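Consider the single chain below, provided in structure tokens and representing the form predicted on its own.
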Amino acid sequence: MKRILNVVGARPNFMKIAPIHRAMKKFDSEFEPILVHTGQHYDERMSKLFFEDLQLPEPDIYLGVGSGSHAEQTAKIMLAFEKVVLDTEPDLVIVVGDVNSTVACSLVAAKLWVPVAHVEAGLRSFDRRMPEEINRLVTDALSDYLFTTEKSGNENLMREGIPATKIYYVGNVMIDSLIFFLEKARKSNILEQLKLEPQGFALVTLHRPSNVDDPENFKKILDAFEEIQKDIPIIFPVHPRTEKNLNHFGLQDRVANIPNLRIIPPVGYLDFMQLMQNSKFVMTDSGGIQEETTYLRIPCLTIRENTERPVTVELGTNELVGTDTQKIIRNARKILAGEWKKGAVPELWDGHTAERIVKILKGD
């Protein structure tokens, strides 16, 4: 029996590990999956909501490392995770995505000669100012199994000298979660709670430091929202980091006075999915939401200068608009005028990625 540590650290990881953990449980004579939550991002209400929504069991091991600078947080995770690896003696460590927990646990496992599998390998923004880009590069260099979501991932890894024998194009495990919970999400009453009509609103998520830690960029984005809300209400579940900076930069009064920009507390996975699939379009700086909107064929404006998920632009419904106020407004109006691309769903984004991963790990 293979003992496998499935590592999560932040909310986007939950959606990626849940289908893999579930698929492994079907082969309980072959796998002993152990769920490890580093506690990198921990908001009790939100984490509980996400674990319940995704039908994830309580973590077997919770490290509770909390926040801190990148160096401090990575170091805390490494110290705590090393003890876990030594105590549990796993056959494999699975990490997902690109957060600090991903790189920290990969480093620990590799130094203790435990094989590493990276789910969502090979994604590149080619912008090393993004901490996530450094995490991706280091994790991929250390991994023994590199599971990719799109063909660009395979090409990036090959160019970086990763042997083809380690690379597996399996599809997108985020889409596994989306498909699995789509019907359940439709039972959410979030639209009624917020008195929203399907297609009658735009949805926003914003959390990246380049957008919300920089007052000039933040103001340019709010300038765009102020104009767009004249044409369509905007629903904005606010990330804790974003809320903190609204207050820090003295922008809370300005936001409160924009009549059709509705700031709401963060919502759970199912409620958010219901909002997303009923929105007219989404404005975001999140990687995962670019993928989910592409699958759902919802127009998406990515408030970033680059994306590590180029298939969402090339094939999907996504466009990069950066923090250019006029570009954001212009593209939003194109969507409202019905002049947006239809998009297509990328190959292998079919809800069976976790099964393909588990099959490979079984050696089938």
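The first residue of the shown sequence is 1; numbering continues from there. These numbers were taken from a predicted model, which means no experiment stands behind them.
The discussion below concerns the form predicted together with a small molecule, not included here.
The partner is absent here; in the predicted bound form, the one residue of Ile228, Met273, Ile221, Leu146 having a heavy atom within 4.5 Å of the small molecule is Met273. Residue-level contacts in the predicted bound form: of Arg254, His207, Lys151, Arg186, one residue has a heavy atom within 4.5 Å of the small molecule, and it is His207. In plain terms, the part of the chain that comes close to the small molecule in the predicted bound form, with a heavy atom within 4.5 Å, is 260 to 268 out of 193 to 201, 79 to 87, 260 to 268, 105 to 113. Interface membership of Phe31, defined by any non-hydrogen atom within 4.5 Å of the small molecule in the predicted bound form, is ruled out. Residue contact check for Met15: one or more of its heavy atoms lie within 4.5 Å of the small molecule in the predicted bound form.
In the predicted bound form, at least one heavy atom of Ser286 sits within 4.5 Å of the small molecule. When the small molecule is considered in the predicted bound form, Tyr295 lies well away from it, no heavy atom lying within 4.5 Å.
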